[in-house]
Every structure is written in C-alpha cells, then in structure tokens.
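Listed next as structure tokens is one chain, alone, in the form predicted on its own.
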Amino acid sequence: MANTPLTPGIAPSRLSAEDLARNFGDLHPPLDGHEAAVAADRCYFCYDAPCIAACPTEIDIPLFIRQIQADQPAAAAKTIFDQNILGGMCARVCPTETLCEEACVREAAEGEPVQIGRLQRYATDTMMAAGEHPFTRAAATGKRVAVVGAGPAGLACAHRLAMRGHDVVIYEAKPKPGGLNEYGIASYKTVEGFAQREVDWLLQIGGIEIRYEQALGRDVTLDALRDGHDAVFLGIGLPGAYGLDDAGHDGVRPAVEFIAELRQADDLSALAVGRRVVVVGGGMTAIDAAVQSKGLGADEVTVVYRRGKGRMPASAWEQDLAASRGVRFIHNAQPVATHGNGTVREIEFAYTEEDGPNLRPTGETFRLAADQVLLAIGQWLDEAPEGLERDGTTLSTQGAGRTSLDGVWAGGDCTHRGEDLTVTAVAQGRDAAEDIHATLMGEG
C-alpha cells in the first residue's frame, strides 16, 4: 500500500531503527513453560466459572488451564480451538481485561486475575509451532459453500464448514487474507506476520480455496454465488469509514487507512507521520492509531472523544497504555471544522455535555494545531448486496446469522450483533457454519 503524499509537518524517518523496533515490539511477550505453569497454578478451576460466560466463544477456560498445569499444552490448545479456531489471534488482541479476566474470581478477590490471555497464547502457539492441526475433515458431503470475506468471521465459518465435510470457496477482496487481523490491528499486538501464519495453519484442514481480489459487487455478484453454491456466508466487514462534513484538507484521513498502511509496510522508517497528530474517536481503532503515531515519532498525539472518559469504547487498560506512551486525551469535545490553506493546520472542536443518551454543545469551541488528523469515528456498510435487508448501517440477521434471503447467512462486523471484536466475529462465523451445515444436511 503506497504512502500518501507528504505534506509539511508529515515526514518519515524521525526515529532510529532501534527505537522503532522497541516501539513496535511484542506488546505481551509470550510465556515460557515455567511461567505458564506458575500462572496456571493461580486458577481456582471454578465449577461454575464466570470466565466461560464472559468469553464470546465460550472456551472452557478452567479446563485448558488445568491441562497446561498438567504439562499438556497440546490438549489445552485443542480445548481452545474446539470453540475458537482463531484462538491464537484472540489471545493477542482480545480485550481480556473486560471479558474473561474481568470476570475472573481472582480479579474480584485480589485485583489481579489469572493471565488467561497469555496462557491461551502459550497453548495455541505451542501447537502451531509444532505444525500440528487438531482437526480432520468429515466424509465429503458433496455440498459447496461460498464465503465472502477472509476475515475472522469468514475464516471461522469456512474452517467449521470444511471440518463438516463441505467444500468451501472464499472470495476475498484484498490480495491477502485475514481481514482486520491482517490490516486493522496495531502492529505491536501481532508481530512477525502472525495473521498470515495463522491463516496458513487454519487452511491445513483442507477443502478451502481462497480466491483473492474478488470483491462482492465488483467481481462477483450475490446472485451468481447463490446460483453456483449450495449456501453463501457473508463476512464482508464494514468497508466504509465516516469522514468529516468539511473534508478537503490534505493530512486528514481515516485511521483505518493509516493502520493498514503501517501493517503492510516492509520498512517502518519509510512511513510518514505528523509532528502534531490529532486522532478523533474513542474506540480501539483510535487508540491503535494514536499509539502507533507516537511510536513512529510524532511529537504530540492527542485523542479527542465526544463523550466522557468512562464512555469511551476502548477499555481502560488500552487508554492507560496510550497515556503511558505519551498520548494526551481530551474528552467531551466533537469536531466542527478543519482549517488550513489546502493542508490541515488546525482542527476546531466544540465542547459537549451529556444530556442522558444525547449530546449537546456548550457553546464553547477551541482549536488544536495539527498537521495530521486521523478519523476513527466509525465505519459502515457502504453498499449492501441487493435483496438483503439492512438494520441501519449493517445487515439485518436473525438466529445464527440468517439474512432476509434464503440460503444466505452473514456474520462479523457487517451485522449488528454484539461488540466489534475478533472473538465475536469468530463466534458468529462458527455458529453460522453449524446452522448452514444443519440446513444443508436436512437437519435444520
């Protein structure tokens, strides 16, 4: 992905190679065997474990931790992959601090939960490093399913369908698989090309073909997919990114584009970043863009969110991470306009106050100097396939992802079900696959 044209204040190569390597190193280094055993010993192995209920994929967490404690990491990995075939990525990127670890009894009792995420990574990495795949295909069913999108939902759906004996063709718009795991997550969370390695490992199940640069509506149509396959699953994400009404200044771009460019860069020192960067938004994308801007050498990075600190979608842990890297936060302010002479120089905000679920301006405004503005104010489904009902800016689904068209299922960010997390997308893809399988086999 090519760099955007440079504007005054935006330049590459401000930091040494050593600084860049440190800034983009593994956020949570993996546990070794001894560390994993010590961490596993802290688990109470609760009978009615609240951590399981807090996991969108419902992994049997006490069981896999007990298996690690018994020095059986392969068995632990199998327990994880039974429920979440992308358990390795989820161990790296899931906000465990607001999911399983927040529900941990140790967290309630001592303020320090069992390190569930790092233990999950230890188990899954051990199996993947050995080149093992814990599943084999069932007898061929003769059924063929199209999966649109090689992101978390599509990959999870495809793997489960292949495991059930169906043949799967994935149609992916980009030249690489992984979806947001490949293009949209901070580089320091998934180092050394893990997203691609995980897909390669997943495909060992067999029966899955990926056709790249095949975008729905441009290269393939939904009608053609329905005619040529026994079922269709849509995991198309949210390709549209919201902008500002007065967009037009150079230096203003969606944060997702910035993150994708960084993730695909071979040389971080060649990436351009502003000296004074303003990130608009309060979710994980905003935090990832802010921390990485600082990591590339920006002098000042400010995140501005329209509501209060406690309303930010990004977890408190992620906010603290950004603050520890030197990112400044301004709350209760929303963008009004950008200013400059062709190139952004300032961005103007209006202070807000909350009135129940609504926001209202206070009448006060302020400006921040900026030579780069990254917008993380939401994404949307810019064009829904013809014939599918929408729920606002996403696809409308019922049950295990059934859309308004017979034989078409959907899951992941393109649907409005649950949080926009990798683990949620995996759960939806997995459950849709089981429903597709039951339907195709006359069991649904």
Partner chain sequence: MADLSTDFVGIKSPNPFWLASAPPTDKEYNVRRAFEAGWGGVVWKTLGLDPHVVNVNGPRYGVIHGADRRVLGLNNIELITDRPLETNLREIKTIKRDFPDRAMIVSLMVPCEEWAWKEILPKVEETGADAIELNFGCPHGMSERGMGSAVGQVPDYIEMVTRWCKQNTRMPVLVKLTPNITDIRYPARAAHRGGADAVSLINTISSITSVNLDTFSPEPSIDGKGSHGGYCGPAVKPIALNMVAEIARDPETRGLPISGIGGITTWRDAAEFMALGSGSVQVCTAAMTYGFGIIKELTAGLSRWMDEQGHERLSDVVGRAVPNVTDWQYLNLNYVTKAQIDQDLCIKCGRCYAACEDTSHQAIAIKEGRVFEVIDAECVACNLCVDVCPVEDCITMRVLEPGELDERTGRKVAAEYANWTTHPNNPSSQAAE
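Numbering follows the first chain given and starts at 1. Being a predicted model, the structure only gives us computed values, none of them experimental.
There is another form of this protein, the form predicted together with its partner chain, and it is not shown here; the text below is about that form.
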Quiz prompt | Heavy atom within 4.5 Å of its partner chain in the model of the complex - the one residue of E389, D406, D382, D41 that qualifies | solution = D41
Self-check item: One residue of A323, A265, A316, V105 in contact with its partner chain, assessed in the model of the complex (non-hydrogen atom, 4.5 angstroms)
Solution: V105
Quiz prompt | Heavy atom of A109 within 4.5 Å of its partner chain in the model of the complex | solution = yes
Quiz item: Closest heavy atom of P50 to its partner chain in the model of the complex, within 4.5 Å or not?
Solution: yes
Exercise. May I ask you to state whether A37 is within 4.5 Å of its partner chain in the model of the complex, using heavy atom distances?
Key: yes
Self-check item: 4.5 Å heavy atom contact, C46 to its partner chain in the model of the complex
Solution: yes
Self-check item: Option from 390-398, 29-37, 406-414, 373-381 whose residues, in the model of the complex, bring a heavy atom within 4.5 Å of its partner chain
Solution: 29-37
